[in-house]
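First comes one chain, alone, set out as structure tokens in the form predicted alone.
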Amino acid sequence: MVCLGNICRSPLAEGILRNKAKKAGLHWTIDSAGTGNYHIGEAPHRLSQKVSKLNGVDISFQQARQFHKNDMKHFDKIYVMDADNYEEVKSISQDQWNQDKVDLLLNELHPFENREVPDPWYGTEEAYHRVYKLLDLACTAVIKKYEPVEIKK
């Protein structure tokens, strides 16, 4: 999960997806990063933490980090929050770039529409609630898309 600063959207997405994967019994490695280096080592934004906690997801232990080109090799799928994040991930990845691994997260809900997750950074608490709901729906779609299907005999 990648956004700009790794303190608002991507930590929420990481926490939500980690929680859903655990409940589904999936042993996925889930992480988040920012394309910028503005908040390295910081905890998620206080409103991201508050809203996630109100929804039963604890992200207080997360620390912001910057996306690295080796993340392209390390992760099977990289979801970005907006078009700028996509272009920055592409630029940072350099020779490691693999367009098949990267997509806008909301394309899981609205295929090929390239809708963006709004950045709540300058918004009110309500903006964080709206972003949480979007991310929650998208992460549910990710789980449904990639969870193993049980074959009934």
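The structure presented is a predicted model; accordingly, all values stated were derived computationally and were not measured. The first residue of the sequence shown is number 1, and the count goes up from there.
Beyond the structure shown, there is the form predicted together with ligand 4NP, which is absent from this document and is the topic of what follows.
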**Request:** Name the stretch: of 101-109, 49-57, 115-123, 22-30, exactly one has residues whose heavy atoms fall within 4.5 Å of ligand 4NP in the predicted complex.
**Result:** 115-123
**Message:** Is it the case that Tyr38, even though its partner is missing from this view, gets within 4.5 Å of ligand 4NP in the predicted complex, heavy atoms only?
**Reply:** yes
**Item:** Interface membership of Met1, ligand 4NP in the predicted complex, 4.5 Å heavy atom rule
**Value:** no
**Prompt:** Taking ligand 4NP in the predicted complex, which residues of 1-28 have any heavy atom within 4.5 Å of it?
**Reply:** Cys3, Leu4, Gly5, Asn6, Ile7, Cys8, Arg9
